[in-house]
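Consider the single chain below, provided in structure tokens and representing the form predicted on its own.
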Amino acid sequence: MSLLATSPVLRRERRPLSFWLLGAVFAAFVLFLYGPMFAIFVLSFQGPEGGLTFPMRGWSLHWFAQLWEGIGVIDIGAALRRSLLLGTVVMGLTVLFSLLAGLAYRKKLPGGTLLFYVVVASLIMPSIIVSLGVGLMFRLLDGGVKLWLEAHWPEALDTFTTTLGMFSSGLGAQLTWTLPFGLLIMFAVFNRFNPAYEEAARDLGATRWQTLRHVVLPLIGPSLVGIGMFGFTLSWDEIARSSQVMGDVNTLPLELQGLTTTVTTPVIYALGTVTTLVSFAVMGLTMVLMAVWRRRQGRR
């Protein structure tokens, strides 16, 4: 046996079989995660004569131009703006309610265990069932509103259509999806939070509001930014819970789902590329906000 074969350095470089097996599993995971997205990204740059599959027939921005001009009667720009607006509202409410719930659960909350299971149950219920239930509830509400208007305000009955809408039933359905995640994140944050900081602030004469504003919120700020980003991205690509509750308008994912059955050109890939870039832009903006936040904290 040569000296090179018995060298301790060479023996340390040998990898066991389990290393390669786990590496293969991880490589398959990365392939299934990013492979489809990369294929759609590439195909969105098909030439004007290109189709929905490989091989590529030239490279161009033709399908992005088609997307900009519009896809039939569907106003993609309006759907994009609706999704951005709804996602922003969902993000804000998710952060607010998650923070308030996290603060409430720091102390003994009467009925807190039951309330926790009621909130988290939304995660294990099939999304389409939640959507159907919310839609049915608002249609029953429509019947009640019409009966009330008929009895007390007949003139308004002609103008009333439905209570179903993006910021009523649609917003509620999406919050059933984002709030449980926000609450679980806040639990993890406050379980690691050291109450000694609050006690020190109160010993120095700070009120509860001052302690919350100047001590607690700066410390948990990055987590709140993460909850906000989580809420936005969950709302941004939500389909199942939104399918029965949006009323007369559709969000971008619902329009995209409808296009998959009618559009047979790479313009749908161009739309997928644009929506993916928006998601990355939101993630990049969040990281910038967190970096600015940490820099400001470091200066204090």
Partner chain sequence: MKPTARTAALAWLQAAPLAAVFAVFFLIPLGLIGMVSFWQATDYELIPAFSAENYLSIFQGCGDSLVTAGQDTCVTLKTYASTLKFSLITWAVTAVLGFAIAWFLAFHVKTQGMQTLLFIVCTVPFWTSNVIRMISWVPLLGRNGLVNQTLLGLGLVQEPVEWLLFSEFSVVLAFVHLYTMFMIVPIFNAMMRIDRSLLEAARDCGASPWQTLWHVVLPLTRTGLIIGSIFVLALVMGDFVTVGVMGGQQIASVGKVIQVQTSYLQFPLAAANAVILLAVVLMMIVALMRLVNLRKEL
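Positions refer to the first chain, counted from 1. Owing to the predicted nature of the structure, the values given are computational and were not obtained by experimental measurement.
There is another form of this protein, the form predicted together with its partner chain, and it is not shown here; the text below is about that form.
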Distance check, G92 to its partner chain in the predicted complex, heavy atom within 4.5 Å
no
Would you classify L179 as touching its partner chain in the predicted complex, given a 4.5 Å non-hydrogen atom cut-off?
yes
Using a 4.5 Å heavy atom cut-off, state whether M290 contacts its partner chain in the predicted complex.
no
Indicate whether F193 is a 4.5 Å heavy atom neighbour of its partner chain in the predicted complex.
no
Consider the chain as shown here, without its partner, and state which of L85, A200, L109, L157 has a heavy atom within 4.5 Å of its partner chain in the predicted complex.
L109
In the predicted complex, which of the stretches 74 to 82, 110 to 118, 214 to 222, 148 to 156 has residues with heavy atoms within 4.5 Å of its partner chain?
110 to 118
Of 272 to 289, which residues get within 4.5 Å of its partner chain in the predicted complex if you count heavy atoms?
G272, T275, T276, S279, F280, M283
